[in-house]
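Okay, here we've got a single chain as structure tokens, the form predicted on its own, with questions on binding and movement later.
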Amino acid sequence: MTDAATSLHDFHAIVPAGGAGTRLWPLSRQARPKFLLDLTGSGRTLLQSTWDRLEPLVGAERIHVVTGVAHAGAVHEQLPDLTRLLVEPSPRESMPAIGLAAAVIAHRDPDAIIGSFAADHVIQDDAAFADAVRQAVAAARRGLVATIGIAPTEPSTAFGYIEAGEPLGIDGGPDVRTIVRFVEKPDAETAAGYVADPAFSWNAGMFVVRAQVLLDHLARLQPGLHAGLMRIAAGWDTSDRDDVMAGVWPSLTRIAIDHAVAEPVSLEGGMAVVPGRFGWNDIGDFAALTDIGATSTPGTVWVDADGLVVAADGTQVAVVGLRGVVVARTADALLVTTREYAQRVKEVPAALAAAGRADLQ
């Protein structure tokens, strides 16, 4: 690899920090979502761990966090060295959030390359992560939209998949391949086939691209969204920022980056995938929390039972005669479920909302 191919001097990291993590209720709430929590027992929240992983690659001045009004204060508190915070007035899905940061960065630096990395992922092996990012940047310099695919460890039906094609022979990106297609969350039988095929990887939602290339794709594929983001970026560094945001942001299309850009551009041959040879988990539910080795609250009593107990309020918990149980306790709520039903925990906040219990969401 040449120095030019592996340099990250023009690379900016975007960290979308949003969502409520409803499958981790009652620990994760709208007011205190999972990225603000230390779910791994490391002493650092998921957001702080994301910062720790990115800062050595790009420096503090090139990390841009996009979050909502309700969480801006907590983000500042957890990341005291953060200088690039973009606050969205309301959630509009991932494409407006990432596009906002991309437009602002491109307005300041037209040659910038950006990478989007979620605030709530757990990654083991920072060196392997850094290598994948460098290869993705090399692909971005060729005008491609690059993503990092994760080798599946099980036939999960909770993730989308990416089918990789032929190597592209990119200088600085020896493992970069074409993308044949993106696949929506499959059924169990189909997922089992994907796990057995090395061409398939999980779609972890990490994207690396030249900022202007992303905006050009948006101009073609989502012209209204692009026009709105351009108006916001033009006023971002002026005294008109708040007025422009208030007037434009609510009109932006709600759409995920996968649907807005990744899927259509992959069909045009404009995307590439880099294999992520590192441990990865998005801690999407309590089963995932146990998969990363989370331990129960000290003092939990087990009698012919096993599972996970998190008593955030210090309540003494005892479990008798149950296997694979999950107990999560806070000062105002209690969840009891099993690994098997971990994905359905998201139905609890929805039921509470229908019952008028916004205080518990």
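Since the model is a prediction, treat every value here as computed from it, not as a measurement. Residue positions are given as counts along the sequence shown, with the first one as 1.
Although it is not shown, the form predicted in complex with another copy of the chain is what the next lines describe.
The chain is drawn here without another copy of the chain; in the predicted bound form, the stretch among 36-44, 54-62, 325-333, 289-297 whose residues come within 4.5 Å of it by any heavy atom is 325-333. Contact check for Phe129, Phe278 and Asn281: none of the three has a heavy atom within 4.5 Å of another copy of the chain in the predicted bound form. With a 4.5 Å cutoff on heavy atoms, Ala20 does not count as touching another copy of the chain in the predicted bound form; it lies far away. In the predicted bound form, another copy of the chain lies farther than 4.5 Å from every heavy atom of Leu8. Put simply, Asp313 is close to another copy of the chain in the predicted bound form: some heavy atom of it is within 4.5 Å. Another copy of the chain in the predicted bound form comes within 4.5 Å of a heavy atom belonging to Val319.
Annotation for 290-314: interface residues with another copy of the chain in the predicted bound form are Val301, Val303, Asp304, Asp313 [heavy atom within 4.5 Å].
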